[in-house]
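Shown here is one chain on its own, the form predicted on its own, set out as structure tokens.
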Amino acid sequence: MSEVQDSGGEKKKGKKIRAKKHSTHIDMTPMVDLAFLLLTFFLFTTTLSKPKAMPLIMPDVNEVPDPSKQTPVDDEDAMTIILSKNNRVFYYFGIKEPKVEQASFDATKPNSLRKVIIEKKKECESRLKVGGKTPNERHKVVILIKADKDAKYKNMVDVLDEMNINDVPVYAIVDITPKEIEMISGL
């Protein structure tokens, strides 16, 4: 594997005998071979992470919705998120008499979308416990996601990520109404 090469220290006539000077040389070829073998072993045995996609169930385009099969939403359990231009996001609670407020995608801010969703979930869960109903009898919170024509695709993905992070069981992507466009235009 390694060898020591000796050079020098021969006797010459008429000169003093000096101590032998040894020059060492270590052959690194086997170590380099071992390093490449280990590298290739770990490269071939490692599983690379695959991109993960969030499952999203979309309705059939050709199917006409049957109003009798639609799930009724309680006014107190509903929350609507509206995406607009310039990365703006608005929300309101309930269906009747909505009061639109602006939120932020930044989770560190006090008016962040994540904090608003968490508060709404807690409110619905506390009402569920007081009513004595099980989660199977009534949904905890229903979030309607709406985007106007100027909203960015990235914002829609961010909102869907928030639904996944906050473990929101029921949410739907719905078309925005002209009334909602008017409500957010003044803000």
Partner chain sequence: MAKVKPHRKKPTLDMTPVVDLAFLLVTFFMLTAKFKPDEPLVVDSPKATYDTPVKTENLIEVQVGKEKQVFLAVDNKNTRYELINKISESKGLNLTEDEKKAYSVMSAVGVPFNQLKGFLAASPEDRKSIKQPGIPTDSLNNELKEWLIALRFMSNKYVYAIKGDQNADYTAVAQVITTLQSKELKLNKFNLITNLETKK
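Positions refer to the first chain, counted from 1. Between two forms, the rigid core is defined as the largest C-alpha subset superposing within 1.5 Å. It should be emphasised that the depicted structure is a prediction, and the values quoted were computed from it without experimental measurement.
Quick note: we don't show the form predicted together with its partner chain, though the next part is all about it.
Although the partner is absent here, D161 is a contact residue: one of its heavy atoms lies within 4.5 angstroms of its partner chain in the predicted bound form. Put simply, P67 is far from its partner chain in the predicted bound form: not one heavy atom of it is within 4.5 Å. Mapping the unseen interface onto this chain, K122 falls outside it, with no heavy atom inside 4.5 Å of its partner chain in the predicted bound form.
Although the partner is absent here, V170 is not a contact residue: none of its heavy atoms lies within 4.5 angstroms of its partner chain in the predicted bound form. Comparing the forms between this form and the one not shown on their rigid core, the Cα displacement of D33 reaches 2 Å or more.
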